[in-house]
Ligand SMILES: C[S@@+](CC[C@H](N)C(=O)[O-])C[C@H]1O[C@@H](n2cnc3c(N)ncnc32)[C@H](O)[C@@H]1O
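Let's start with one chain on its own, the form predicted on its own, as structure tokens.
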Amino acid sequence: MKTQFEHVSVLLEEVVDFAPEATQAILDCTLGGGGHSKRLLEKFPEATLFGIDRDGFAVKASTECLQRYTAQTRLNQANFSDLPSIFSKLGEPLFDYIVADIGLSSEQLARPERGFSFMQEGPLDMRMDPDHQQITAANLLNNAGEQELISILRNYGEERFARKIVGKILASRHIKPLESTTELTELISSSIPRKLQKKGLNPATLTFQALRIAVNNELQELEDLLKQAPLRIKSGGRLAVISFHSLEDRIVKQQFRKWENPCVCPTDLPYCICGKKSLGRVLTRRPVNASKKEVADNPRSRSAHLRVFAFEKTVS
């Protein structure tokens, strides 16, 4: 079993470059191994950094990575939905820069015992916070009803073969409970005709994504973060979000557009009567993607999309 936490932060320089000048307060919502936080503190050595991660291993690794900055960092194990209570304990801070790297870390994928990867044998776990979460992927697969499983695979994985895969799951669990990642991977592969499997994409990819999102309530957590951000950002502050699949990216893109242009008046009205005011502007009309060099060095960065919003007013 691995003992060292290993995580490569994606779009590292791009995230740092988007930070507002003279940044004094930073919130890193997904500490990982502390990579983004460390580079931001190197650029802004006088800044205060607040950081959270729902994975206790990540918080421990970040604490070690940021030892040099102990006096100016406040790190906690928490979900996005826990932010209001954390802010209350910390005195309701406001931030110049909020950063969130959504999704799995390379560390989580590399540990077979976490059950996130279809490339390695491991238990069907997939919990980002095993200390506090009860429901595992195995619990869902072995106990959820047919329609619930189909809905999970379709809504969270956009899996076109959801019904066939679920049919195989139901038949398999009738004989014995599903227990391992390789067991599930083989079942999925046998459910999708080989000629219809996408080249370069493991057939288990979308199902594993869907189960992970369901187990960790990831999309609702992202919505919670986007609700909190405008309340916690200073005028002139920025929010940077890195996502790794279309569901998350779509949520971020649509919310940024609403913040920039919240008016809901009919288009044929000569002027706005709804009273909704813009919070600022989108700095990334198209998502920022990893360079060819970064993709070569870290293949995981291939699917990373960075979007940044600049707030021009404080929301009270």
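The first residue of the shown sequence is 1; numbering continues from there. It should be emphasised that the depicted structure is a prediction, and the values quoted were computed from it without experimental measurement.
Below: the form predicted together with the ligand, not depicted.
Remark: Ser9 counts among the residues lining the ligand in the predicted bound form, judged by a heavy atom distance of 4.5 Å or less. For Asn79, a non-hydrogen atom is located within 4.5 Å of the ligand in the predicted bound form, even though that partner is not displayed. For the chain shown alone, Gln255 is not a contact residue for the ligand in the predicted bound form, no non-hydrogen atom being within 4.5 angstroms. Using a 4.5 angstroms threshold between heavy atoms, Ile52 counts as touching the ligand in the predicted bound form. Only one of Gly157, Pro203, Gly103, Gly237 lies close to the ligand in the predicted bound form, with a heavy atom inside 4.5 Å, and it is Gly103.
Think of it this way: in the predicted bound form, the ligand has a heavy atom of just one of Ala290, Leu66, Cys29, Ile26 within 4.5 Å, and the residue is Cys29.
Heavy atoms within 4.5 Å of the ligand in the predicted bound form map, among the stretches 103 to 111, 161 to 169, 141 to 149, 183 to 191, onto 103 to 111 alone. Annotation for 30 to 48: interface residues with the ligand in the predicted bound form are Thr30, Leu31, Gly32, Gly33, Gly34, Gly35, His36 [heavy atom within 4.5 Å].
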